[in-house]
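Just one chain follows, in the form predicted alone, and it is written as structure tokens.
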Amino acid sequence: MIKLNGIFPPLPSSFDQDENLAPDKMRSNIEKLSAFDLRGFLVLGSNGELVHLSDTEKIQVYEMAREAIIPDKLMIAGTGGQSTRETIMLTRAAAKAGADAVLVLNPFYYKGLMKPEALKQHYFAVADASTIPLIMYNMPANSGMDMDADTLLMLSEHPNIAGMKDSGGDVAKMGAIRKRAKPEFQILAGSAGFLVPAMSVGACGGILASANIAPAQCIAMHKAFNAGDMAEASRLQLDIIPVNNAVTKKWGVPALKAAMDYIGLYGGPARKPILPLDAATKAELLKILDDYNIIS
């Protein structure tokens, strides 16, 4: 099974000023971030605006990313669609492009019908069809669904489902899953804002938006915890919370992209209907980054 222990930035998809896909900019970000001791990269997660890309563009990103990501770093590809058929197609395309694993957000448009049995049939069909490991993605803020522990445990029994990314922040639920799931099942925190609490109940790492702009700090937090230096891990955890909140639940994708522009990576615009930050919000964001000394 794939080993997910470590830190993964969920890369934003790069667009030019006309909102056309800009793969060279995304490639440049990968190359610059590869200087850090990251475990790998996620492309086309929530920060990658998966829902804003056509299928052709998604496949283009998969292929570009695999070329840009050096062999000793993992590539995880977001492939979650609203139908099982679409998800299988994207999963096969990601595998063909060379992804090491796929991250599958649960279907959510018909959320009232997404009962445990429907989710089981969906995830099991995708996992059966996939030649690479599948990681479940629980993202209630975007999907409007928070898969409960019993459902996630049921899904974890499939031999090709290697783990889960949980962005809900329910550490007690993560602990309950870790206690009852098969030993090889891996849990990834979905936010730097609760990485240390998640690791304290068994998470092995995280897919963290903040790792795009503060990779060294996120890696140091992970390493301090694993080394048993809880004072340092806690200090790093508390320090990063304001930055993480700014580029996740407070202002989201446009804030992350603005922060990347500020530190010398390429952020660029998001695709509409996501709007850029207004001047006052951007000034507030940059002050948070400066207070954290994000550039260093």
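Model, not experiment: these values are computed from the prediction. From 1 onward, residues are counted along the sequence shown.
Beyond the structure shown, there is the form predicted in complex with another copy of the chain, which is absent from this document and is the topic of what follows.
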Using 4.5 Å between non-hydrogen atoms, is Gly144 touching another copy of the chain in the predicted bound form?
yes
Can you tell me whether Arg178 touches another copy of the chain? I mean in the predicted bound form, with a 4.5 angstroms heavy atom cut-off.
yes
Answer for Leu256 alone: is it within 4.5 Å of another copy of the chain in the predicted bound form, judged on heavy atom distances?
no
Does Met230 make contact with another copy of the chain in the predicted bound form, using a 4.5 Å heavy atom cut-off?
yes
Among 35-43, 258-266, 238-246, 58-66, the region lying within 4.5 Å of another copy of the chain in the predicted bound form by heavy atom distance
238-246
So, a 4.5 angstroms cut-off on heavy atom distances: do all three of Lys111, Ala118 and Gln121 pass it with respect to another copy of the chain in the predicted bound form?
yes
Sequence-ordered list of residues in 1-34 near another copy of the chain in the predicted bound form, where near means a heavy atom within 4.5 Å:
Asp18, Glu19, Asn20
